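Just the one chain here, the form predicted alone, laid out as structure tokens.
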């Protein structure tokens, strides 16, 4: 989360994420699942802008933006009512702090929704962190993390100080990782999306043979050749069974010279690990030419 302050206004950048490793450990008695996942933030950002309000109203306007290096953006409706995570975060923080101030917010969307890239969670984290500063609440990171856990499993990751982390539990237990260099990706997203709850309803605890510690060691040691062999996403199989577009993307990536590839989160976005930004741009051009409706070249932040 990056802040750009101005008088009576504040702009916060909310990054997307990719899941480089995602194991479903077990189904919990509360209906959720315990996970082991490695997430990394990438340089694709939504923008959340705050402006002072003379009333106590908390309002949100959503604007869809065209990403500069995407072929096209799947047009989708983003809810602006009570279910929107940005509004929920704002009301939750104000209630917790006992405040009455209002705010006018504008959210510029560049991260595709229903894509497994954490756009809604990142926007919620941007609202918590940004409004804590904008309203001069001086709430601690521990307090904000507690509120984040009430909003969603991935929100805490985006409040962290590092761009890459191991997340456990529902995703709310965050252990930052220090990586020596950035990673390069090409990301594709079909026109269709997927419901995260629906994907989890069809998933089963996954492969115990692949080691999280080995994966993390390969990341820290810049062993890309080893890291790509350890890529894992236990949600990919159920996602493919629910959405043919995910399977089609996997088949496209099978034929491309990427180092490794898999789905992110609960889908439908799919990414390939590349050796460099030039390599990623070359792969992106092939994907766009093949008719994939949204393609993005990215690097870890």
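Positions refer to the first chain, counted from 1. The structure presented is a predicted model; accordingly, all values stated were derived computationally and were not measured.
There is also a form predicted in complex with ligand C5P; it is not shown, and the following applies to it.
At a distance threshold of 4.5 angstroms between non-hydrogen atoms, residue 152 is in contact with ligand C5P in the model of the complex. Using a 4.5 angstroms limit between non-hydrogen atoms, residue 35 touches ligand C5P in the model of the complex.
For the chain shown alone, residue 180 is not a contact residue for ligand C5P in the model of the complex, no non-hydrogen atom being within 4.5 angstroms. Within 4.5 Å of any heavy atom of ligand C5P in the model of the complex lies no heavy atom of residue 163. Each of 170, 196 and 200 is positioned with at least one heavy atom within 4.5 Å of ligand C5P in the model of the complex. Only one segment in the set 221 to 229, 108 to 116, 127 to 135, 152 to 160 has residues whose heavy atoms sit within 4.5 Å of ligand C5P in the model of the complex; it is 152 to 160.
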